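Shown below, as C-alpha cells, is a lone chain in the form predicted alone; questions about how it binds or moves come after it.
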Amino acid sequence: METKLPVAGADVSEETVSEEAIPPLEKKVTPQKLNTVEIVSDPGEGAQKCAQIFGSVSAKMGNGVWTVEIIPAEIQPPPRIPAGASGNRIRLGSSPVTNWGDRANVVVALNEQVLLARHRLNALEDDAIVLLENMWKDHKDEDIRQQWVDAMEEISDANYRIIEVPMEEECLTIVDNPQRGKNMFMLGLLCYIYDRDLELAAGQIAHAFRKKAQKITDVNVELLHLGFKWATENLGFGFQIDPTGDERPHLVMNGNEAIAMGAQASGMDFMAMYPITPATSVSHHLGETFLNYGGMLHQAEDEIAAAGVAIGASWAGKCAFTVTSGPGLALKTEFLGLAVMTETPLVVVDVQRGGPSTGLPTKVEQSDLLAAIWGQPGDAPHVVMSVATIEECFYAMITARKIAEAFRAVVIILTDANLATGVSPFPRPSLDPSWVAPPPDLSPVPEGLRPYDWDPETGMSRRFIPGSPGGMHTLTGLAHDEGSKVAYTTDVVQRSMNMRSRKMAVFQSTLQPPKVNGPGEGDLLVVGWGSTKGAIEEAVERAKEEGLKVSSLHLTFLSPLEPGLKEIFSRFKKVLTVEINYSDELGQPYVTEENRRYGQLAIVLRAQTLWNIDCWTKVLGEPLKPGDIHDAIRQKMPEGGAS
C-alpha cells in the first residue's frame, strides 16, 4: 500500500511562499477505454450530487456513462460507520457503457470508514487510486484516530495508492461548514483527473442549484475551482477517455426522468401515485413540467387510492398511469383486478426494489416478476413488460400506452432501482405524432351495441367513454355479460373469461421472436430481462473471447412471452437465466432437484416452454457485475461444451 502525502512544498511555511507560487506538477496522462470512479461519504455530505454532476458533464463531453447510486439502507445512519457509506459509482468509456462494471479504479472518500465499507465489498481494484480526506488521521478524538489506524491496517492487504487530501482544511478557506462544500471540492479533483470542462461543470452546478440563491451557486463554483487548483498543484496524474464519436444530440438523465418524459411524449395526461422509494422522483419531474403539456399529477393518500384514481381517470377517457414499487404494487392488486374486469386501459410502472415486505427500499432486485404476472386473485390476464436501459424507459411508456388502449388492457412495466437512479446518455428522440394518443371516441354509440360486445375471434370490443350518446350502462367489478349486467350463469362466466384471455393471445401474435445476441446455436444460451442486459452481454463477450460457445437473449415481454422461444432454446445444449432474485443452489442443505426454488424468469420459462432451464441468481442489493456473470457462465457450461 503506497501512501503519498499531498501538499507540495509542505516544508515551506505559508508566510514565505504564497499559495499562487506553488508550481503545478507535470501531469502524466494515461489513455484508457474504460475507467470507473466511486465517490463515497457519509449521508448528507453531497457525494451523490457531486457524482450526478460529474456523470452529466462526462456524458455531455461525449463519453459513454453509466452511474449507480450507493445508498445506505437506513434513512439517517450514524456518521463514520461502514454501513453508512453513501455515494455513487460512475463508469466512463470511449464507447457506450451499459453497466457499472466490476471494480472501481479511482475512489474519492470523505472518511476512512466509508472507504473500508467499499473495501470489504471487494468493490475496488487491487491497485485503485484512493483520494482520502485526511482530517481524521490526527483528529482530537483518540477513538477516531484509532479507527483510522485500524482501517488502514485492514486495507493494507490491498495495493491501493492512497493519497491523503486535506479537504476540510482547504474548504475552510471558502466556507464555514466544510461538510457542505467538500463535494464540490471533490468535483474539482475529478475534473482535473479526467480532464473535464470546468465551464461545463460550473453550468451543471448552476442547474443543480437553480432553485437556490445565486450566492449558493457562486460558492459552489468557487469550491470547484479550489479543488481543481489543489489537484493541479499536487496530483500530477490523469486519465484520457476519448469520446464515443457519436455526433448525434443526446439526452442525459436517469430512468425515472425518462419514464416521465416518455409518458409526456406518449400523450398520457394523468398520473396518480403515492410517494415510494425508489419511484417517487417520477412525480418530481412531472411536477415541474406536466401542467405545461395539459397533464394532471395527483398525489393520492395511499397506494390503493392512487390506483383507483388512475382507473377512474382512464374510464373517463384520459390516458392514465400510476407509478409505484413492490409494496405499492401489492396494495394496488385488487384495483388492478377491477381494471382487468372492466377492461379499462391502465399503465402501471413498478420500480422494483429489494423485498420481501418493505425489504430493501434503496437497493435493487428483480423480485416482482411473479407478483406482476400472477399477483391478482382470480384469472386476470394482462401484459407485463420490462425495460433494460434508460433509453428503453422512455420508449416503453409510448409502447405501453398504445397496448393498453388498443387492447383495453392493464400493462405493467417493470423497471428497477438500478435504472431509476442511474444516469446514462442516449440519442435525443425525434418526436413522432403517431406516439400521441388520439382524442377519445365520443361519437354516438350505434343502436344495439353493448359495452362488451366481444368479437369472438379477438375478444375485442368498443371502449365506451362516459358521455357518449347511447352509451349509458352500469359498471361494477362483478362478473358481467356483454351488456355489463351482473351475470353468474355458467355460459357467461366461461365466455367472458375466454374473451379477456383471447386478447392476450391476439396481442402475442403481434410480437416478433427475440433476437439472439451472438451465434444462433451453441453450448449455452444466457437469458435475462431488465437492467441486467449490459452486464450479461459484456460477460458473454468475455466468454466468447475465451472460445466458449455462448450467446445471450434478452426478453422485453414477459407475459405473454415473445414467440419462438422453444425453437431458439432447441439450438443450444443448455439454457440459463441470469437474474437479480433468489434461487436455491443444488448442494445447499435440504435442497433437492424436487424442491429447488428457481429464479423467477426460469419459473416462467419452464412453465411456458416445458424446457429444462437452469438459473444463476444473486440478491446482493446491488447490480450484477459482468465478472461474476462471466464466472457463472464458466461454471454452468454443459458437459461436453467448450471450456
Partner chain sequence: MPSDERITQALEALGGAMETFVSSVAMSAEEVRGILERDQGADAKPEEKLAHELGPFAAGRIDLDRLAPFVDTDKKLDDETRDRIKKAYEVLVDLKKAGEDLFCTKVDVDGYLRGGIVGVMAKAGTAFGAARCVEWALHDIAPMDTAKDVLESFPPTLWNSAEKSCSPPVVVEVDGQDLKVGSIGELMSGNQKIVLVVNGKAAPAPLVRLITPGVTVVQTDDPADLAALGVNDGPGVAAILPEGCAKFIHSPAAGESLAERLTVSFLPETEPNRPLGSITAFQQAEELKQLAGLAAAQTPVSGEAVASNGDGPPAMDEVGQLASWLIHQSKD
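It should be emphasised that the depicted structure is a prediction, and the values quoted were computed from it without experimental measurement. Numbering follows the first chain given and starts at 1.
Beyond what is shown, the protein has a form predicted in complex with the partner chain; the following relates to that form.
Peer 1: Looking at Ser443, Ser156, Gln240, Ser95, which has any heavy atom no more than 4.5 Å from the partner chain in the model of the complex?
Peer 2: If I apply the 4.5 Å criterion carefully, the residue I get is Ser443.
Peer 1: Quick one: from Pro439, Gly547, Gly245, Pro456, grab the residue that has a heavy atom within 4.5 Å of the partner chain in the model of the complex.
Peer 2: Partner contact (heavy atom, 4.5 Å) among the options: Pro439.
Peer 1: The partner chain isn't shown here, but in the model of the complex, which of 518-526, 376-384, 428-436, 109-117 has heavy atoms within 4.5 Å of it?
Peer 2: In short, 428-436.
Peer 1: Verify the contact flag for Phe407: yes if a non-hydrogen atom of it lies within 4.5 Å of a non-hydrogen atom of the partner chain in the model of the complex, no if not.
Peer 2: Result yes; Phe407 sits at the interface with the partner chain in the model of the complex.
Peer 1: Answer for Leu511 alone: is it within 4.5 Å of the partner chain in the model of the complex, judged on heavy atom distances?
Peer 2: Contact check for Leu511: yes, within 4.5 Å of the partner chain in the model of the complex.
Peer 1: If we define contact as a non-hydrogen atom of the residue within 4.5 angstroms of the partner, is Leu131 a contact of the partner chain in the model of the complex?
Peer 2: Heavy-atom contact with the partner chain at 4.5 Å: absent for Leu131.
Peer 1: So, in the model of the complex, is Ile403 in contact with the partner chain at a 4.5 angstroms heavy atom limit?
Peer 2: Contact with the partner chain, yes.
Peer 1: Has each of Thr30, Leu124 and Leu190 got a heavy atom lying within 4.5 angstroms of the partner chain in the model of the complex?
Peer 2: Verified in the model of the complex; spot residues all out of contact, no.
Peer 1: Pull the contact list for 555-582: residues with a heavy atom within 4.5 Å of the partner chain in the model of the complex, in sequence order.
Peer 2: Contacts from 555-582: Thr556, Phe557.
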